[in-house]
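Next comes just one chain, in structure tokens: the form predicted alone.
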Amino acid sequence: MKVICDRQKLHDGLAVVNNVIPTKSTKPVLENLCLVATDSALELLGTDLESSVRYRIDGVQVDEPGPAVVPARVTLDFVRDLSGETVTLSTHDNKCVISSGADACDLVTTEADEFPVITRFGSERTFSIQGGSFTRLVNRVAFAAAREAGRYAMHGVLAEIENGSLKLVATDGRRLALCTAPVEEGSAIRAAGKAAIVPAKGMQLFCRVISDPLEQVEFHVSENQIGLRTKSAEIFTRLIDGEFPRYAAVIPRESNHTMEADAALLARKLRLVANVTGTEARAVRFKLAPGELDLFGQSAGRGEARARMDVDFKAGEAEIAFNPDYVLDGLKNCEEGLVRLTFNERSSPGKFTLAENYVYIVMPITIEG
């Protein structure tokens, strides 16, 4: 193999592929990436066997086609620190030489047939969505996915096609985020016979390779994996095999109390009051009266705090308490200035409407006294 390519393009590709490559693995070959020079392009491949990346760099000079399997992290670090505009990659005697001007590095290679086979994107049309819309969807829901040990399905994001829209849902059992956006066409998820539960890590990986928010990106869903294709990359991740919670039952259909408030001001007041709450009692009371909201927080070892703000609330009086961290996580994604909170009783879930087609459900906390 012998290839000459733009250093920045190579660095960008190596950075994407290194997102899936483990720094330590029981299978040492997985700590490598595979370079494949074709007649007109250079492909970079990496995998941890759960997620895989195929990244294509066009506009390269290929003098000798062929593969090379090299240490992933070292390759990225060396190319990053080169100062030349172009980089030459060539192989000989079980080594890959990376050079630019007077600077060079000889890397030990691994046999190419030891590297796992990376899936290629199917030729059939699946469904597509604007890259920026997809990234926004993921950012709005992925934070609510479970992280601690528990029900494995909750560690992923549920993806469904419904009425021409892509719906993403994430929950950890104490809060739930749901958001939708229109897709261009097709319904690969429905064709697979079930909704797809995508690992949260896989969703974040998809977002990292979307460099142009206006680009239409394609998805393909099979029985056990989901793939994303952009102009330069194909990303695949295994689906989570499990049953996602029946989330629709958690979302309140009606409410007795409705409050609208400035999202930025509510976040600031909530942080103020949350400062005194401890880990043993992480709760803030929302006390509502016509036109105003009082926030109260306290802990035995720190004291108590309160804050007041004007809100749009026309009912008599109402009260509910939440973990402030959960509410703040949602408010960070409120892009339209106003947030609406609806609930029935202090023991019922609170529904925060953060934008059109974007709801966030938080379970209340019971406080005595």
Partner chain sequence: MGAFPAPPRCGLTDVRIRGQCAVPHPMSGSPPTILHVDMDAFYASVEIRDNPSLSGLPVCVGGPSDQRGVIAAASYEARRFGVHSAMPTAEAQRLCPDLVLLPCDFERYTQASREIMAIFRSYTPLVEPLSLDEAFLDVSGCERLFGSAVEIGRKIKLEILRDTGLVASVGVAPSKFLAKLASDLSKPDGFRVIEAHEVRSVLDPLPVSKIYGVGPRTALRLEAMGVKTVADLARRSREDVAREFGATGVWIHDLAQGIDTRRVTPRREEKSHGMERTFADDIADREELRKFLLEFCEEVAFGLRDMGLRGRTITLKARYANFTTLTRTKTLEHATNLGPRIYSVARELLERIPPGPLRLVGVQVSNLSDVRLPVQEKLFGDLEMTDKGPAPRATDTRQRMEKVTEGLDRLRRKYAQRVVVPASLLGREKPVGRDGTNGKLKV
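Residue numbers count along the first chain shown, from 1. Small disclaimer: the values here were computed from a predicted structure and weren't measured.
The same protein has a further form, the form predicted together with the partner chain, not shown here; the description that follows concerns it.
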property: Heavy atom of I4 within 4.5 Å of the partner chain in the predicted bound form; result: no
property: 4.5 angstroms heavy atom contact with the partner chain in the predicted bound form for R175; result: yes
property: Non-hydrogen atom contact Y247 with the partner chain in the predicted bound form at 4.5 angstroms; result: yes
property: Proximity of Y326 to the partner chain in the predicted bound form, heavy atoms at 4.5 Å; result: yes
property: Which of 270-278, 73-81, 232-240, 148-156 lines the interface with the partner chain in the predicted bound form (heavy atom within 4.5 Å); result: 148-156
property: In the predicted bound form, the residue from V16, A355, I21, I361 that sits within 4.5 Å of the partner chain by heavy atoms; result: I361
property: Proximity to the partner chain in the predicted bound form, single hit among T171, Q225, T180, S90 (heavy atom within 4.5 Å); result: T171
property: Contact set, 325-354 vs the partner chain in the predicted bound form - heavy atom within 4.5 angstroms; result: Y326, S347, P349
